[in-house]
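Next up: a single chain in C-alpha cells, the form predicted alone.
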Amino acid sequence: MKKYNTLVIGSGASGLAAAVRLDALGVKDVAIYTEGLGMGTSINTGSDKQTYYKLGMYGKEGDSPVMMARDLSAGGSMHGDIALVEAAMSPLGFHHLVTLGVPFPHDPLGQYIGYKTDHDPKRRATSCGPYTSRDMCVALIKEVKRRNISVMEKRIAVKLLTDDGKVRVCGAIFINRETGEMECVQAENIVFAVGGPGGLYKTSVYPAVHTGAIGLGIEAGAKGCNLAESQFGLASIKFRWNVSGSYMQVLPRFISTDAEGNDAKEFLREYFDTTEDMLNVVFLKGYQWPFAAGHVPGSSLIDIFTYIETEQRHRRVFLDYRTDPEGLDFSKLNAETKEYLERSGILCDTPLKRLEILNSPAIELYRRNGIDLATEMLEIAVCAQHNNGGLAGNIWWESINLKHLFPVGEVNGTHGVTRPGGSALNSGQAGAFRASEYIASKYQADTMDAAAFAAIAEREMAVLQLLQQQPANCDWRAERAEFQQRMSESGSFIRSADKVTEALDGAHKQWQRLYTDGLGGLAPEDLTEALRNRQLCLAHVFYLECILMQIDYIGSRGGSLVLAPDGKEIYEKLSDPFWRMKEENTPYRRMMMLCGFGGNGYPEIYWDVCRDVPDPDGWFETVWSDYRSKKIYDDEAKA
C-alpha cells in the first residue's frame, strides 16, 4: 500500500491545477492517479470558440467580485458565497494559466479582451479558440512534469475508503486496467477531480474516453446537490463536438433524412411562416446554444424540433454548410442577425464560406477528425453536455459532510440552474486553488493511523476478492448500454413523470443486480469496466430520483422541459397535446436539492435554502489579522 498526504484522482484541468498549486504551497507529498493524461473531458473537448469566464479586465467597463457573483448566481439554486469565491478567485486562476503559457489574447496595452457570452451582461468571456481547455491541460501537464509531481496512469478508482463512521475519507482502491491488479492508497486528503457523468447517457457530447466517477463519491456517503440540473445542446455525433456559436451564426441548412440517408428535407420550415423567421432563430441558437426552458418559445425550439425528428420520427438530422438555405435574403433578416453578419464581413454565399471567414479553425477541427464540411453533411443530435449539479462542497470545496474529500471541477455541483458560458472552466480553477490552500493550511499533518487504515483497506479488498471468486453473469457492455439508453430516454432534456417513474423501476433492479454480480473470470479490461459500471449505475439511480423530484416539485426550468397534459402550450405549431409543459414553481430557485443515502439504504432527497451573495465591507487591518492567524479557515468564518 502507498501513502500520500494528498491524492489527486483525475487529471483534467482542475485536478492538474490542484496538484500544481499544492506543490507551490509546499505540499510536496502529492500524487495524481489517472486513467491517463490524455483522457477525460478537459483535454478532449471544446466548441467553436471555447469560453473561459472571468472578471472583466478590459477598458473602462466597471466590474467587481460581487457584481460577477450576482450574475453567476442569478439563475438560482446556487449559494451566493460560493459564487463570490468563484468571482474573487477568477483573476488569480486566469493569470496563473497565462503565466503557464495559455495563449489568452490581449491588446498592445496588456488588456485581456473579452466578449459577452450567454447569461452574461458584461464582456467577461475570453477564449483561445476551439481548444481552450486542451490548451489549459497542456500547459498544466508541462508544469506538473517540471515540478516532478508523481503521476500514476492507467489507474481507475473503484472505491473511496472512509473511516468506520463515514466522517472522512482516508484513501482509495484503484485497478490497473492493463493488469487487473488492485492497489490501495492511503491519503490524508483526496482531491476528487473525476469530471462530469459522461458515461451515463447514450446521446452524449462528452468525449467517449470520459465516463466520470461521481458514483464513487455517492457510494462513500458524500452528499450530492442539484443532480437534476444538466445542460443539453446540439452536437455532432460521428465526432463529438458542440455545434454552438459560429456553427449556427453562419446559417447552415438543417436537413433530415430517413435512416438510410434518403428523403432529404429542410425540416425546420414546417414550424415557421417565413424563411427569415426560421433563420433568425437559427442565428440566435449560436448565442443561446444550451437548451433552456426559458427560451421556449425562442431559440430552444430548434432543440425540440430536432428531438421530434430523431426520437419521434426516427430520422437523422444533419447540418449542411455546402449550400444556402433556400430563400435566404440577407436584407430580410432582423437587425441583430443582419448587423452581426455585416460587421463580421460574411455577407457571402454558402454557410461554409461564411464559416471560413468567421472561424476557419472550426472547419479544420472537423477535417482533422475525418469530416470535410465542404463535401459532406454533419450529423447532429441533442446531447448531454454538462452537469450543473454534482457533489456538494463548502466555500473551500470540501465535501459538506465527508471531511478531507475535495470535489473539484465538474464533479462539484456549484452552478445552480443556469450559468454564464465558460464559468465551468473558471470554477474548476477556483476550486483547485481553494482546496489546495485549505489543505496546505489545515490538513498537512497525519491524522489517520496506518494500522486503522490497513484494517479498512483489507476489509474492502476482501469484498472485491470475494466477488472475483464468483462467476460473472453480466456482460458489462450490455449493462452499460442499458442504463445509458434509460438515461437518454428519460433523463434528458424532455422529461415526464410517467417515463421517469418507469425508468426508476428498471434502474433500481439493475443497481441491485450489478452490486451482487460476481466478477470472476474477467480479463483485466473487462474487470475494470464491470467495476466502473457499478458506480455509474448507482449514480444514474440517484440522478433519476432527483429528476423525478424536480418533475414533481419544480417543473420546467434550466436545461429541462417537463411535459404535462394539462400544462402550457409550448408553441402554436406544436398542436399535439404531448407538447405541453409544466410551468416552473419559481420559489424553488431559492433552494438547493440535496441527496444522499437514507437510513434505509436508498436515496433520500431534501432541500436547503440558498445563501445570499455576501455584501462585504471589510477593514484591511482586521482581514490582515484574520489571515495571519488563519482564522479565515475556521468553520464559522464568513466572507
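The model shown is predicted, which means the values in this text are computed figures rather than measured ones. Residues carry their position along the shown sequence, with the first being 1.
Keep in mind the form predicted in complex with a small molecule is missing from the figure; the text below concerns it.
With the small molecule left out of view, choose which of Thr414, Ser73, Ser423, Asn189 has a non-hydrogen atom within 4.5 angstroms of it in the predicted bound form. Checking each option against the small molecule in the predicted bound form, the one that comes within 4.5 Å is Ser423.
Consider the chain as shown here, without its partner, and state which of Val562, Leu216, Ile547, Leu268 has a heavy atom within 4.5 Å of the small molecule in the predicted bound form. Checked against the cut-off, the match is Leu216.
Ala18 within 4.5 Å of the small molecule in the predicted bound form, heavy atoms: Judged by the heavy-atom cut-off of 4.5 Å, Ala18 is well away from the small molecule in the predicted bound form.
4.5 Å heavy atom contact, Ile156 to the small molecule in the predicted bound form: The answer is yes: Ile156 has a heavy atom within 4.5 Å of the small molecule.
Should Gly390 be classed as touching the small molecule in the predicted bound form when contacts are defined as heavy atoms within 4.5 Å? Answer no; every heavy atom of Gly390 is more than 4.5 Å from the small molecule in the predicted bound form.
State yes or no: in the predicted bound form, is some non-hydrogen atom of Leu358 no more than 4.5 angstroms from a non-hydrogen atom of the small molecule? Taking the distances in the predicted bound form, the answer for Leu358 is no, it never comes within 4.5 Å of the small molecule.
Please identify, from 358-366, 490-498, 381-389, 245-253, the stretch that has a heavy atom within 4.5 Å of the small molecule in the predicted bound form. It is 381-389 that comes within 4.5 Å of the partner.
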